[in-house]
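Shown here is one chain on its own, the form predicted alone, set out as structure tokens.
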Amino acid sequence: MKNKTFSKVFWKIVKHAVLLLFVAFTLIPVLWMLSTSFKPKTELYTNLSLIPTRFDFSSYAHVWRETDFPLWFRNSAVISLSSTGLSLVIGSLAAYSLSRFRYRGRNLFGQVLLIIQMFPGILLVIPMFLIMSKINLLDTRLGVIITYLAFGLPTATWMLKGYFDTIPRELEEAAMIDGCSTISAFGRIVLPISGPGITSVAIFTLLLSWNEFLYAFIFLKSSSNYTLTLGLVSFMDQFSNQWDNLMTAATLITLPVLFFFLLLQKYFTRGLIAGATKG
């Protein structure tokens, strides 16, 4: 009996040790980025410790005041929030139709959404570039918003469909008996209950748009339209990198998303679990 207890405790310790190693492996680059952003230029190549000998905030002042970082931040915010909002509106309506109604082509529509997600984004660069060129949306924020919407909408639709499937139809039927129309029941009954699912979709699409680089790099050529990920490239020269400014900008990019995720983490987890219980 003692041997079994010892064995269980031993393997628990081993599992937790392995998990801690994975967590440390994940956090070290983030801590290094944060540490470098606070180091004076004289310590960038001499101090290998994660803790600076002296905290220097000059790189933060330089990035915010003497570069186009505020403009890049605004562009990324507009693009990310727009694509996220459109994904929620269009995706929720599409998901509701897949979850509640039976019509010709319904299964085909759902299968097409799944097939779209099977293709890596890089395969669609040339077709998307040609389409945006034909409709004169290259080097515009609207073109990037539409592109991000095309990639985020299928996943958003399926995630929301899985969540809507868990909501009893009787709630909507009761609302309709009281005089609500279908769309009214959807807005007054289904959407308020679907808060966790909508939150998980919002976080997913926001992260997709906020961190995307490839399509922004190909579609946006004017510096006035740059997103934050493109702005980071401006701190990388041919023969050297501005590591202090680069790490500072990366830290500033990470903080809003981290705060947003931590604020809504509970709803995000609940939405993923609920959406996976029934499909």
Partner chain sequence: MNGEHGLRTKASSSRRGFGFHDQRTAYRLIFPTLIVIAAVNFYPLFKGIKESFYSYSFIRPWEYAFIGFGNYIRAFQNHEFWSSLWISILWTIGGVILSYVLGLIPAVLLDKPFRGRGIYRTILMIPWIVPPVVSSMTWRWMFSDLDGYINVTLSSLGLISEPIYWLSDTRLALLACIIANVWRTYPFFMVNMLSALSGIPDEVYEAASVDGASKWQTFWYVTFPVILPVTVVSTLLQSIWIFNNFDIIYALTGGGPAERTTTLIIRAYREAFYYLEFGQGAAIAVISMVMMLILGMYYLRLQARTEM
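Positions refer to the first chain, counted from 1. Treat the numbers as computed from the prediction; the structure is a model and nothing was measured. We call the rigid core the largest set of C-alpha positions that still match within 1.5 Å between the two forms.
One more form of this protein should be noted, the form predicted together with its partner chain, which is absent from this view; the next part is about it.
Colleague: Residue-level question: is W32 within 4.5 Å of its partner chain in the model of the complex, judged on heavy atoms?
Modeller: Yes, W32 lies within 4.5 Å of its partner chain in the model of the complex.
Colleague: Though only this chain appears here, would W158 touch its partner chain in the model of the complex if you measure heavy atom gaps against 4.5 Å?
Modeller: Although its partner chain is absent here, W158 would touch it in the model of the complex, with heavy atoms inside 4.5 Å.
Colleague: Find out whether any non-hydrogen atom of L142 is located within 4.5 angstroms of its partner chain in the model of the complex, and reply yes or no.
Modeller: No, no contact at 4.5 Å.
Colleague: Is there a non-hydrogen atom of F73 within 4.5 angstroms of a non-hydrogen atom of its partner chain in the model of the complex?
Modeller: Result no; F73 lies far from its partner chain in the model of the complex.
Colleague: Which of S58, S224, T53, T254 has a heavy atom within 4.5 Å of its partner chain in the model of the complex?
Modeller: Exactly one residue meets the criterion: T254.
Colleague: Determine the residues of 85-113 with a heavy atom within 4.5 Å of its partner chain in the model of the complex and present them in sequence order; the list may be empty.
Modeller: I90, G91, L93, A94, Y96, S97, R100, F101, R102, Y103, R104, R106, N107, F109, G110, Q111, V112, L113, in sequence order.
Colleague: Using a rigid core alignment, state whether the CA of V30 is displaced by 2 Å or more between this form and the one not shown.
Modeller: It does not, since the V30 C-alpha is displaced less than 2 Å between this form and the one not shown after the core fit.
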